[in-house]
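The data below hold one chain only, encoded as structure tokens and taken in the form predicted alone.
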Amino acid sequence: MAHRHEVIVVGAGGAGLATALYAAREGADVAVVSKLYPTRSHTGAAQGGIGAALGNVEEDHWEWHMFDTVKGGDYLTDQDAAEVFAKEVIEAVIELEHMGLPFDRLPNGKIAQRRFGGHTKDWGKAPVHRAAHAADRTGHMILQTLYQQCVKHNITFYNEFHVTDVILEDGVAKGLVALELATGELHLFQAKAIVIASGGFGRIYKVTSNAYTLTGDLQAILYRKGLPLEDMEFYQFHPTGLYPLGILLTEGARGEGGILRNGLGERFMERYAPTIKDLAPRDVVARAMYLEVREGRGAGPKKDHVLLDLTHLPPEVIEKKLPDITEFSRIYLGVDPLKEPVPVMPTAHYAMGGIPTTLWGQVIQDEKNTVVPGLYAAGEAACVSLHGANRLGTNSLGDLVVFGRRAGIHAARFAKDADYHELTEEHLGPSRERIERIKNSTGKEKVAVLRAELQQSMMDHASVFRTGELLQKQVEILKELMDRYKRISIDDKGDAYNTELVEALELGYLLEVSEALVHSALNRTESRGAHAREDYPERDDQNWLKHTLAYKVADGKVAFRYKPVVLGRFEPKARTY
């Protein structure tokens, strides 16, 4: 079956919906192709807030927000992206408010704001109230609000469609192929402009806050086709995952006054970030937690985690401002945050790297910023180089509305002057062959077994702390897993709702993005932001103040090119808190 739309967006999370909405407002015929129903997208899991220098609680300025973002990114952040972001996110939050988003309010009626990690006033002197929030369900509210607006603008949705191919010919994006879950039928989508907003790939790790669907499908598809992935070595672990499950407990809990304690009851962040303590950026806090455990000061019978202490906060703060995480603790661990500290440890959370783009979401294919006509990316799937080596909390929700809006506007304007490209049934061929190969295979390897081995080995060798020896070991493991992947078979040979087939396809994507991440981490011989090499513990601006572009040249073989970091008003300097 064939479909035709001027702008097609892949993904119905916050970035996809923002993109689709603004493209439609520009007058384009817009469709969204999504693995899920939009309101079930992973943006709904974002809890604590969206950062914007509104200054509703205390003095704040977009320049301070820009500085915090650049410093938080360990100076790998492109400063033109940070400036655009810090300015435009203010307007974006006000626009969300006008769309009807139910932000929490101050007594004077203005949007309430809370503190968050790495957000400071007066160039780092103290934490600042910058995160606009709706209890601890901010992402959920953004998702609902944007979806309602998309419905209002008559955007077409193809829900539970899994994209299996992006058609790139003669250097131009021409369309998509997608598998309809309900029927098993392959669909051909013809478009003048395509926007990839399909989210991250946290499912490469065993312990993660990410939904089951975040498997890096589109990053892997473009990577296979010879396009680069940027800064893949920078993968963020959120400090407070509910131990041992990894379910996210928002940083907003520390913004409201929560304290991290080790097994001795010490507020250990005083040792690592004496100025802002528990509100240090995520990479700093995550490493500190691991170090406390490694040095024997962990909590619990095995001394293998630390504790998030909220017991000193007024019960009404916990119940009203943090209702979701309170419920998670009670349901999953039987721990009541009002009465006892909650066990936590870092959980794989967010990809700073991804599909490289310009400030308007155009996908680039090389270090000269050569654009792929008709192809765009936004949100966590993309890398506009806003987050650098470490994303600040709340900047992901800001990223998706600011750069989703920009991608949507540019894609719609591009489509007005572009023509459709001819597509035929032959374009379904590669996807059909891949699916039939999996369905007809008599191999002995099982998807669940390989996925579990991948996730555990990535935790062991390529998570918070890394060494060349561990990463090289993971390179060899990935080669073996990719070889075994060629011999997978599935039991379900049917067409309708074949989720076993989908999981088999997703495993292939997970292996591809893992390959890009591990090779990039092995290649970067320094420590910066979320990339902590114990064999190269220092940041090395002389050799590594640059972006990595990873290209797949063959299975297990990756080539690198480099792009300079866009500097500006803030010179790189030592990063202390």
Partner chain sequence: MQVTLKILRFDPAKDQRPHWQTYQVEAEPTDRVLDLLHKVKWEQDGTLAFRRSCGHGICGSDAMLINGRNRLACKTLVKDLGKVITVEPIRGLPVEKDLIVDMEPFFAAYRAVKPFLINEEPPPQRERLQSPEERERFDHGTKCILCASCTTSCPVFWVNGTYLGPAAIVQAHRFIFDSRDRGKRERFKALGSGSGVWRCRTAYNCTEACPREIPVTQLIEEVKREILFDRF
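Treat the numbers as computed from the prediction; the structure is a model and nothing was measured. Residue numbers count along the first chain shown, from 1.
The protein also exists as the form predicted together with its partner chain; that form is not presented, and the subsequent description refers to it.
Looking at heavy atoms inside 4.5 Å, which stretch does its partner chain contact in the model of the complex, given the options 121-129, 97-105, 434-442, 349-357?
This holds for exactly one stretch, 97-105.
Can you work out whether residue 480 and its partner chain are in contact in the model of the complex, taking contact to mean some heavy atom pair no more than 4.5 Å apart?
Residue 480 lies outside the contact set for its partner chain.
Find out whether any non-hydrogen atom of residue 212 is located within 4.5 angstroms of its partner chain in the model of the complex, and reply yes or no.
Residue 212 belongs to the contact set for its partner chain.
Report yes if any heavy atom of residue 497 sits within 4.5 Å of a heavy atom of its partner chain in the model of the complex; otherwise report no.
Yes, residue 497 is a contact residue.
Against its partner chain in the model of the complex, would residue 272 count as a contact residue? Criterion: heavy atoms within 4.5 Å.
Result no; residue 272 lies far from its partner chain in the model of the complex.
From the list 451, 427, 87, 261, which entry has a heavy atom within 4.5 Å of its partner chain in the model of the complex?
The option sitting close enough to the partner is 451.
Given that its partner chain is left out here, which of 550, 31, 45, 532 has a heavy atom within 4.5 Å of it in the model of the complex?
Contact residue from the list: 45.
With its partner chain taken in the model of the complex, which residues across 247-286 come within 4.5 angstroms through any non-hydrogen atom?
If the 4.5 Å heavy-atom criterion is applied to its partner chain in the model of the complex, 247-286 yields only 247.
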